[in-house]
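Presented below, as structure tokens, is a lone chain in the form predicted alone.
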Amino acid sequence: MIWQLDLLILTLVVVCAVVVINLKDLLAATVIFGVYSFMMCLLWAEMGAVDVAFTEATVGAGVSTVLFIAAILRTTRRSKD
């Protein structure tokens, strides 16, 4: 394994997590959450767990992001922030 690549991906995962927590826009937070899941997929693949990486890519970055976006688009905003 290339430890510099692992460190870079891990740093991006932490940055994505902090950004998602601090965002107020739900759609932007969902997109960054998808990026977080994709970075986790890359991290799992780099560590050699290809089956876990594939599951993370399909469920985490794929299905969850689509369902979150669909739920956000079906809701209405009650107040203007």
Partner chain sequence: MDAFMTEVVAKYNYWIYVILMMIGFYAMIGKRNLVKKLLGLNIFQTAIILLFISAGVKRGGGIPIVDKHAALEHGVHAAQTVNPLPHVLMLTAIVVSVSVTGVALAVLLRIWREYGTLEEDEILEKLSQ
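Numbering follows the first chain given and starts at 1. Computed from a predicted model, the values in this text were never measured in an experiment.
Keep in mind that the form predicted in complex with the partner chain is not shown, yet the notes after this line are about it.
Looking at Val35, you'd find every heavy atom of it more than 4.5 angstroms from the partner chain in the model of the complex. Among residues of the shown chain, Leu42 is not one whose heavy atoms approach the partner chain to within 4.5 Å in the model of the complex.
Contacts between stretch 36 to 61 and the partner chain, counted in the model of the complex as any heavy atom lying within 4.5 Å, involve Tyr36, Met40, Leu43, Trp44, Met47, Gly48, Ala49, Val50, Asp51, Val52, Thr55, Glu56, Val59, listed in sequence order.
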